[in-house]
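The form predicted alone is given below as one chain in structure tokens.
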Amino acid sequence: MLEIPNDSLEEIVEGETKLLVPKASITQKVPPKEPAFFNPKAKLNRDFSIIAYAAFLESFKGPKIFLEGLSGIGARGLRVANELQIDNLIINDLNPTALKMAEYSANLNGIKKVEFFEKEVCRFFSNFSKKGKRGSIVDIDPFGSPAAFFDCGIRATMHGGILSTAATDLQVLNGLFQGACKRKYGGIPIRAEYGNEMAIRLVLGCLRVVAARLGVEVIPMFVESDMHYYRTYVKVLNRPDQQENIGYILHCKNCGQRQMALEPRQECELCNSKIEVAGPLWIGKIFDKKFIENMLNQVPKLQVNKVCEKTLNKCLLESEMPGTFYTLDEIAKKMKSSPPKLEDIVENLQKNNFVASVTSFNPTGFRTNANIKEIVEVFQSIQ
């Protein structure tokens, strides 16, 4: 049984799963790392994981093995084992107290097929990097940057499996520390309204480069941006990637025009001003339309937050749209007027023969293939 005093712990239910958690992680504003780390605010993030993994497992034919590199008290892995159909749960953490709590929670839920490891992440993953031993779902949820674990995480993911990583070093990825971002992710961001999408594309770009070095292809299936973290879900295929999917975001601070391109340019094609360049980063699709549809089909079967379905419906609309988005405030500020309704701008762009949709990245954001001048003209027609 547990060695820590029981009055500092409590049982909660998340989804359909009972979890033993430190009381302080629920009562304090910032969850403490001792005796073990548990973030109740990340429930939404775990809900999305459950939906994504349910969608993946439904059509996956191989052995259903879930590997979790940094499990904490095991909340995510235990929910996967309890709420979905998997063959084996293997969780790892360097904190022995966290693992004891995970073991206790596994017993609470009657989860039998579970193994516990207490190793450094990459040492843990190296146990599962041989063919026949790899995980079909590999999950990495660190404090800060996941970049150090991309190599061993990819090696531990079987052909056709899913690798999901979370990043919480938001300041680095959003352009506050450009040098640190270049060192960790191999590209630089710029400060912009769509900074969260740029951050996720930097993470995906880094994953793509590491995978290419290993002769492996990664295909983004779903990404999620929340206040505290960015999360990516990629399918891993044991074949070289032949696609041209690494490039740059070119952003003109003067007129607001932006686009993705394979090569950087110096001048804005609309106003000839100097361009700011972000990257190298991922310029391919970030949502797989069929996978998002499958996720939406899973929602009614699961105990998840209502917000998930709303967000996924937005992901579905934007899955085939151009990269980067605009916000209502950004355009209204440019025109020195109050912003129109989001539905109106999307509808009017479509009426003018542009593609347009809302985005899951920002409540007032929209995607379109119209350039900034054309967007402004549509805005003016609504005023």
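Here the structure is a predicted model, which means the values were calculated and not measured. Note that residue numbering follows the sequence shown and begins at 1.
Below, we refer to the form predicted together with a small molecule, which is not included among the displayed structures.
> Identify, from the list 95, 178, 259, 305, the residue with a heavy atom within 4.5 Å of the small molecule in the predicted bound form.
The residue in contact is 95.
> Would you mind picking the one in 220, 205, 72, 189 that has a heavy atom within 4.5 Å of the small molecule in the predicted bound form?
Result of the distance check: 72.
> Hey, of 83-91, 264-272, 284-292, 138-146, which bit sits against the small molecule in the predicted bound form at 4.5 Å between non-hydrogen atoms?
That would be stretch 138-146.
> In the predicted bound form, does residue 354 have a heavy atom within 4.5 Å of the small molecule?
Close contact is absent here: in the predicted bound form, residue 354 is far from the small molecule, nothing within 4.5 Å, heavy atoms only.
> Does the 4.5 Å heavy atom contact test between residue 120 and the small molecule in the predicted bound form come out positive?
Looking in the predicted bound form, residue contacts with the small molecule include residue 120, since a heavy atom lies within 4.5 Å.
> Is there any non-hydrogen atom of residue 46 lying within 4.5 Å of the small molecule in the predicted bound form?
So residue 46 counts as contacting the small molecule.
> Taking any heavy atom pair closer than or equal to 4.5 Å as contact, tell me whether residue 37 reaches the small molecule in the predicted bound form.
The answer is yes: residue 37 has a heavy atom within 4.5 Å of the small molecule.
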